[in-house]
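Heads up, the chain below is alone and in the form predicted on its own; it's given as structure tokens.
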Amino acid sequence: MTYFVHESSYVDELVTIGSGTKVWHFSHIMKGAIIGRDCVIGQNVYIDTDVVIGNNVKIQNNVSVFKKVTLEDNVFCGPSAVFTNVINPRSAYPKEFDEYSSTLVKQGATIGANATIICGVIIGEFAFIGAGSVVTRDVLPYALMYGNPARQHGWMSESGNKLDFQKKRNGALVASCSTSQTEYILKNNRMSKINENHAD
């Protein structure tokens, strides 16, 4: 076995777990789940049937990742973050699987502690969801979101620093990450990297 599972946790049959991944106390990985390499699955984490989790994903304590949620590489889920997969649940009227809504968290995104992600949204690459936020709609790549409902309050670098767009270049706004010195360009409310002096 090239991964670690604490003796108090349960891993069902037909689960795929990549090398270097660690599953800590009292967690449950359901049948058919796929977990990539070098992930950390914290205490009391539930990963539902057929969930797909990429490489180097960090899922902190008390997070449940339900059916139809996909976490791409390098996603961070803070403690007690909440995912949903049904928009209008009723105990007396259970939904069929084809009525569940898909949620996609793209590579490098951060979801803060106690944030709630309402199903059916796409959280863009390297987006940053603040603690306690309630995400009800799609999130742009690199966007900094917080509040209830979550609204955008700026932009974040891949290193996790808030960017200050004050410089102009060729009609667009430019900012530099204080950690990596990588420059980002903001044009038409879309942000992207424009060089890679250092790895972010």
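Start at 1 with the first residue shown and count on from there. A quick note: this is a predicted structure, and the numbers were derived from the prediction, not measured.
Keep in mind that the form predicted together with a further copy of the same chain is missing from the display, and what follows is about it.
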| item | value |
| --- | --- |
| Triplet Val57, Tyr93 and Ala113 all within 4.5 Å of a further copy of the same chain in the predicted bound form via a heavy atom | yes |
| Partner proximity in the predicted bound form: Arg190 to a further copy of the same chain, non-hydrogen atom cutoff 4.5 Å | no |
| 4.5 angstroms heavy atom contact with a further copy of the same chain in the predicted bound form for Lys22 | no |
| Contact test in the predicted bound form: Val45 vs a further copy of the same chain, heavy atoms, 4.5 Å | yes |
| Partner contact for Gly120 in the predicted bound form: a further copy of the same chain, 4.5 angstroms, heavy atom | no |
| Stretch 113-135: residues contacting a further copy of the same chain in the predicted bound form, 4.5 Å heavy atom cut-off | Ala113, Asn114, Ala115, Thr116, Ile118, Phe126, Ala127, Phe128, Ala131, Gly132, Val134 |
